[in-house]
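A single chain, nothing else alongside it, follows as structure tokens in the form predicted on its own.
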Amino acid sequence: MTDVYIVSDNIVSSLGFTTDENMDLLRLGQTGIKQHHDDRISPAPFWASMVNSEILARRFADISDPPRYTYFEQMVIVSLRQAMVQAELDLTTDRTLLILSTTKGNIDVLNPNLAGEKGIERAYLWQTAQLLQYFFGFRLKPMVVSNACISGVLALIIGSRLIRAGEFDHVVIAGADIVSEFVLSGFNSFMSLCTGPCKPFDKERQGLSLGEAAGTIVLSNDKELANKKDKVVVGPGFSSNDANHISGPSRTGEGLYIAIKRTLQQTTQKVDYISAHGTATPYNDEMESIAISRAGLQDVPVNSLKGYWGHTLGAAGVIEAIAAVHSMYGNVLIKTVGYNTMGVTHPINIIDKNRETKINTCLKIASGFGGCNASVLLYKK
């Protein structure tokens, strides 16, 4: 079977504009979730993890003309450019594919006051992906993966499968979403937002925190492009749908359990670490604890990074997978910031403080609206 290597990556978030900047602050336990006042998004103050727009504008100005591109597009382009410079890929061949993972993309341009000359047509996800294709010179038509909050993990699974099938040599995955009026009002209508940084798996958790980010992962079948001493491979992965409810997960964790079980059936690797979805909502955290326990992984160290970045929707699976890979490079488990007291009925091994240990494998899991679930194994080789 063809191995699929992680060649390079980048994270643009509230914690920084490179993966190293983000990882440094994760290790320090610093959250990017703050209270914001922005009338374009909400008439009332709100808590979220948001990218520094002034720094983003300066960084993008070094690349291209900011007024021609939306805020969302600028975030993605800055992230993509850095990851691809590191990878040194030839994008002009028909052996390289771009995948855009997002739930809402340029949703804010549906507001005529924000669309300007760009037009509301930029809200079509395929148009955004095509714009990125032309900007960077990808030869092939890009793919869009938009399946709620599992989009990033699902994009990893799809990208690695396409390489293993011999369709492509390289796949570039960009995951991104922004905090917008549409997204904020939507989660407000569910009464699921926390007034402060969220607390995944904690007894006192009150709901999720929203976030925005852009993350890029470059996959390749070329081992020599993976320039880390410990090369990380994207292993087996599966997705499922429990069809339980339009927004609520199965109370038994059935869908996520199936995705985890089918992933582990395809490998002999022992799981050293689980990067959970961990949204800090009562139903998600409880469901994840049930699924993890049912899979016999209750003793495996598990964390959620939502307390640092908030829930970044289509970017979440990408940036959290990047953090997991760099945790493996450094052999350090990052604590679940916001967690203090166990708040789920099925005991799982929540990482409550940073600790150094050998990490050879990571199981990245995710769940989302509509009952979708995904699981993928990452391992050193």
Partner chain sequence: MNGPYYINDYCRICNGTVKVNDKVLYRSHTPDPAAFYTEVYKETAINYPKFYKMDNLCKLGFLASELLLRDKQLNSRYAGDDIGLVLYNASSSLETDKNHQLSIQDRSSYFPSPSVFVYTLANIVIGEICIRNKFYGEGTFFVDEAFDAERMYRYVNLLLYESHVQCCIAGWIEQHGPNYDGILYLIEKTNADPGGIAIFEPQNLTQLYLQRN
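Worth saying up front: this structure is predicted, and the values here are computed from it rather than measured. Residue numbers count along the first chain shown, from 1.
Although it is not shown, the form predicted in complex with the partner chain is what the next lines describe.
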- Considering only heavy atoms, tell me if G119 and the partner chain come within 4.5 Å of each other in the predicted complex. no
- Query: Could you tell me if L225 has a non-hydrogen atom within 4.5 Å of the partner chain in the predicted complex?
  - Reply: no
- Message: Test of understanding: in the predicted complex, would D90 fall inside 4.5 Å of the partner chain by heavy atoms?
- Response: no
- Query: Closest heavy atom of G137 to the partner chain in the predicted complex, within 4.5 Å or not?
  - Reply: no
- Task: Spot the stretch among 212-220, 70-78, 269-277, 244-252 with residues whose non-hydrogen atoms come within 4.5 Å of the partner chain in the predicted complex.
- Result: 244-252
- Task: Give a yes or no on whether every one of L162, F238 and I258 sits within 4.5 angstroms of the partner chain in the predicted complex by heavy atom.
- Result: yes
- Message: Between V145, A295, V171, L305, only one gets a heavy atom within 4.5 angstroms of the partner chain in the predicted complex; which residue is that?
- Response: V145
- Query: Hey, which residues along 161-188 are within 4.5 angstroms of the partner chain in the predicted complex, non-hydrogen atoms only?
  - Reply: R161, L162, R164, A165, E167, E181, F182, V183, S185, G186, F187
